[in-house]
Structures are given as structure tokens and as C-alpha cells.
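Here's a solo chain for you in C-alpha cells, the form predicted alone.
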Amino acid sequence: MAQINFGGVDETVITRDEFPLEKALEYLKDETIAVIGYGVQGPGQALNMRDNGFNVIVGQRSGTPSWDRAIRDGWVEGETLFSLEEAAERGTIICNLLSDAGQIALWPMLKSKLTPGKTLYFSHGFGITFNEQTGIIPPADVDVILVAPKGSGTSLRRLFVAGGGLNSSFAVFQDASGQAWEKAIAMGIGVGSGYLFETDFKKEVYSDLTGERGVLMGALAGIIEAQYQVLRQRGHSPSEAFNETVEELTQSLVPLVGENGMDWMFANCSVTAQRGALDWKGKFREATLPVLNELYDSVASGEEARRTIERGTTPNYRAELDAELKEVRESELWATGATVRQLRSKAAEKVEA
């Protein structure tokens, strides 16, 4: 473990120096890691662990697109690819990477496979934290751990293949064996984490739901729509409005912030841009603080969980979701974005040629 100072606050983190891959492999050498669900997080985590040398199997419904994807990724039916039930039966560490709705639906089956001494692994604290609504209450004689990569499974895999890692939180909810903490760290190293920081299930899900609905997705989408609308209403063309709102953000500024920080990005912009950003960021902060506090309160009260479960389990949810996404996709804003990306791709092809 290493003590790292984050903005003046000391935190304990675990890196690959303190807990190298070889140690993780040794620690989990007798385990069969069953990845249940091959949708969002499943492929990235399963493939990274397989490439790292762990004994991994996958559980997925046969005949689904995810099953076909698993076959394409090299999982072999009857050897490393099984039904959900058989994989859960074979696994000693059961990685419950189904969607939140899927976890609720499949919990009776998974619970029946959690014989004494097994480990139940999550990458999201939703099911455990809101167990009054999900019904997910593990038996007392199993370890319950969490490793939550701070990004999508696609990003986790891409960074791993490129030789990097996505930072992850980890937590122990139940330590029946006395070794759950070390097991969680070993799993975190196995899935390809950059570094690991400790949390608990409740904090993980509160921060995750707030982040998704806030800066990472909801707020980002909302403020993009608002600025695009203002520019279009003031007479700017779709191309100009999109480039000034999205393209410069995603292709220029956010990568610089990720590489060197906001201060570095400010320092390397024009004086006009610097002053505008520094003078206006406080106004945006004060305008959004009440919204974000309202959002956090909604998460902490369980209201967001209730709405997610209620909407996600309705019989026609998939059709309703497709209609909502179609509306976004076909809006002028994102239709313009599709054209901009095509033009960018063609330009890149010419440069490569």
C-alpha cells in the first residue's frame, strides 16, 4: 500500500508495485472465476483476466448477441463458455456483472449457487446497497467484494491492450473467509486496474449514480444541448454550433485536461479564452450546485434506485428506450455530429494515405 497525497489529503492506494500481477495470480491460483453476463463490463474484465493468466469462464444465455460475441472473443462452448446456471455452479468466485435489472431477475438462481466458501463479486454497489428494493441479500458464509473500474468495459479493455490501466475502487461488504480484502485487491489487479482505492458499497453506488446523472453523462448532455440551441437560435450554422460545442471539447480540450489538468489547459489557451473560462466557471458552478445537491439527495434517498428498477423492469422498456435514443440520434445536434465525424474520418484516412 502507498500513501498518496491528493490535493492535500492523504489516501491509501494499491498499485501494481505493492501488489504485482504475479502475487495476484498466486493468490487466486485455485479459484475458478465465473463472469456472469457478457454485456457492458463482462467482456473487458473477462478478457483482461484471461490474458493475465487467470482461470476464467463466462456465463451467458445461449442464442443471444452477447453469447455470439463471446464466441467471437474466443470463449469455447462447454470449455470456457457455459449457461448462466452452469457457470455459476462451476465458479468459486462468481462475478455478477449483469445489469441491475438482470441481477434482480437472476438473484434466486445465483443465490442457490453460493455454497459456503464461495465469493460473490460485483462491479457496482447497487444491488447490495438498495437490497430492500432488489432483494439481493447474500448468505452469511460467502465473501462479498467489489471492484468498480472508473469507466466502461470498452475503455478498460482498450487501456489494457495499450499497456495501461483504468483506475478502480474496491470494497469488502462481507468477509466470511478472513481474506476478502486481499481477494478484492487481487481481482482488481487481474481485471487491469491502474491503481486501486478503497471505498464501501454505499459510497461507490452513491458516487456512481451521481456521476452518471451529473458531469459524466446527464449534465454533459444537457449543457451541450443548451449551448448548441443558443448558438443555433442566434444564427450560427449547425456545423459551427457543433464544432464550437462538441468537437473542440472532445477532440482538443478534454484530452488536454486528461493529460495535464485543467490549469495546464487554461495556461495553453489564448488570453481571451483564459479570461472567459476563469470569469464564467464560477457562475456555472453556483448555478449547478443546487441541481447536483438535489441529485445526490435523490440518490441517497433511494429514489433513483426505485425509478431505475421500476423503469428497467417494465415489459416495454427496451422499445421505449430505443425510441428515446432514436430521438437523440435524429436530432439536428447529433445528426450534425455524425456528419462531422464522417468528415473527420475521411480527413484522417487521407493523412494516413
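The shown structure was predicted, so the numbers you read here are calculated from the model rather than taken from an experiment. Counting begins at 1, following the sequence as shown.
A second form of this protein, the form predicted in complex with a small molecule, is not displayed here; the remarks below concern that form.
Q: Work out which of the listed stretches, 23-31, 55-63, 281-289, 300-308, brings a heavy atom within 4.5 angstroms of the small molecule in the model of the complex.
A: Contact criterion met by 55-63 only.
Q: Taking 4.5 Å between heavy atoms as the contact cutoff, choose which of G165, G214, P238, G151 touches the small molecule in the model of the complex.
A: Of the candidates G165, G214, P238, G151, G151 is the one lying within 4.5 Å of the small molecule in the model of the complex.
Q: Considering Q103, T129, S169, T119, which brings a non-hydrogen atom within 4.5 Å of the small molecule in the model of the complex?
A: Filtering the options by heavy-atom distance leaves Q103.
Q: Please tell me whether any heavy atom belonging to K183 falls inside 4.5 Å of a heavy atom of the small molecule, as the geometry stands in the model of the complex.
A: Output for K183 is no: heavy atoms all beyond 4.5 Å of the small molecule.
Q: Taking heavy atoms and a 4.5 Å cut-off, does N48 contact the small molecule in the model of the complex?
A: No, N48 stays farther than 4.5 Å from the small molecule in the model of the complex.
Q: So in the model of the complex, does S99 come within 4.5 Å of the small molecule, heavy atom to heavy atom?
A: Because a heavy atom of S99 falls inside 4.5 Å of the small molecule in the model of the complex, the answer is yes.
Q: Within a 4.5 Å heavy atom cut-off, is V40 in contact with the small molecule in the model of the complex?
A: Yes, V40 lies within 4.5 Å of the small molecule in the model of the complex.
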